[in-house]
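Next up: just one chain, as structure tokens, the form predicted on its own.
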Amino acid sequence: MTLPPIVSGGYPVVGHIFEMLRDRAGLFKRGYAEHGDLFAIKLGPQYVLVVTGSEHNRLMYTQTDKTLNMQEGYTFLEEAVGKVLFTASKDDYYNQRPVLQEVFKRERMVGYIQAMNIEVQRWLDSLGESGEMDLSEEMLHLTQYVAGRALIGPNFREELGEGFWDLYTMISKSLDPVLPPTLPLPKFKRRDQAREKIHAVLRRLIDQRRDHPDQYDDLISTLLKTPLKDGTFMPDETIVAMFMGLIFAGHETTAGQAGWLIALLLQHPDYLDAVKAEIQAQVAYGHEIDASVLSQLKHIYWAIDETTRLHPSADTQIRTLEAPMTVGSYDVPAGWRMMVSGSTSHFLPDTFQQPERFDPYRFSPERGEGKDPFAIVGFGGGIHKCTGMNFAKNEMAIITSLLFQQFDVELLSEEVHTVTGNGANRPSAVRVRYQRKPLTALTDADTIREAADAGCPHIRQHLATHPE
């Protein structure tokens, strides 16, 4: 038996645990430099095969639910949100998939896009005429509000109550793929306390929707009335777990990606000029950005894909071998874990030209570097690829469009780096200075008068401060 080679730098007993927690990307890049596409790390008693490149990524994703088990590697998520979807058993996961597909079907995306427009514009209206802010922090709150309105409805602030999102922060800070999630550590105790409080809020919302089904058309009511694959309906505890998971996924990863997207655009003014020209041509001020407008924002979506390549919020996923497996020229025993590596797969020069550069044009039809579905792992792959991917991309496109339509923005942070550890990857502080554009720079006088007469709140707010 030829086992995969182990990367240098491990310690007795604990192996690479500390470096995995502190600098996962650095660890994976060193492993790739030493051994190529396949190498092993040791996390305490657990051996992990780290794979690079679309061929090996494809193997991991297509062998999931066959030789590879998805559930065992995510016990830390199970402790945080409960047994649902990929933290549940394989049979339960497939039984629940029709409900997840109902939540993200195309017809519902129309309502989600409307919610994104409302909350993003509300955020922009709150910024005043000028100022400074940390976009990393702002994106976290904004994506929470978008998730709340999209999945609960316009009254989500009142229904969730004060402090709800602080509870989610405690959940996020507890996420740790390395340490056993049941250790009596303070962060895990805070996680459990926060989870119980969130459960209490959500159980109340479930009761309200069950008692008054005609008054609601939101995520919880959808979960209540959509049958599982076997024809039964979700019990309340599973609804709570799925709601927690979707709300978490609906803002945690998107916040980091959105912060990086805007930072990268500000760092590359030539490409930002192309984005601004696209916004000016396609996005009419005071009008909702609907699906037809989004389909025209090619430069923005290329930049979103490039951001996912360079700075994915989820740069790895985990599987467990249920039986021995041959990967490349190595024999991998049952019980080992397998991980994909965005920090190496996304930077292969044979796949991406000048991979260290921010170059969204690589995703244009003329170049098509992103055609291989397994070359980029930021949203997973195969049958378990992130169901909410389009939700996240549309949200980032709307944030970018409305921000640069209405404001001039200057990046103040001299250096932005990825922060890893608990929860999804995110950028460090992205300090910016912003100045609201004059209304006359956004649209013509006739449109201003028509929109004001029609009661457009954005136009009216501008007229109150810009009488010109």
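Position 1 is the first residue in the sequence shown; the rest follow in order. Just so we're clear, the structure is a prediction, and the values are computed from it rather than from any experiment.
Same protein, other form: the form predicted together with a small molecule, not shown, and the subject of what follows.
Interface membership of residue 386, defined by any non-hydrogen atom within 4.5 Å of the small molecule in the model of the complex, is confirmed. The small molecule is not drawn, but in the model of the complex it has no heavy atom within 4.5 Å of residue 307. Contact annotation: residue 254 falls within 4.5 Å of the small molecule in the model of the complex, judged by heavy atom distances. Under a 4.5 angstroms non-hydrogen atom cutoff, the small molecule in the model of the complex has residue 100 among its neighbouring residues. When contacts are defined as a non-hydrogen atom within 4.5 Å, none of 144, 148 and 198 contacts the small molecule in the model of the complex.
Only one of 123, 216, 104, 233 lies close to the small molecule in the model of the complex, with a heavy atom inside 4.5 Å, and it is 104. A single residue from the set 70, 48, 38, 59 has any heavy atom within 4.5 angstroms of the small molecule in the model of the complex; that residue is 70.
Segments offered: 313 to 321, 206 to 214, 261 to 269, 284 to 292. Contacting the small molecule in the model of the complex at heavy atom distances within 4.5 Å is 313 to 321.
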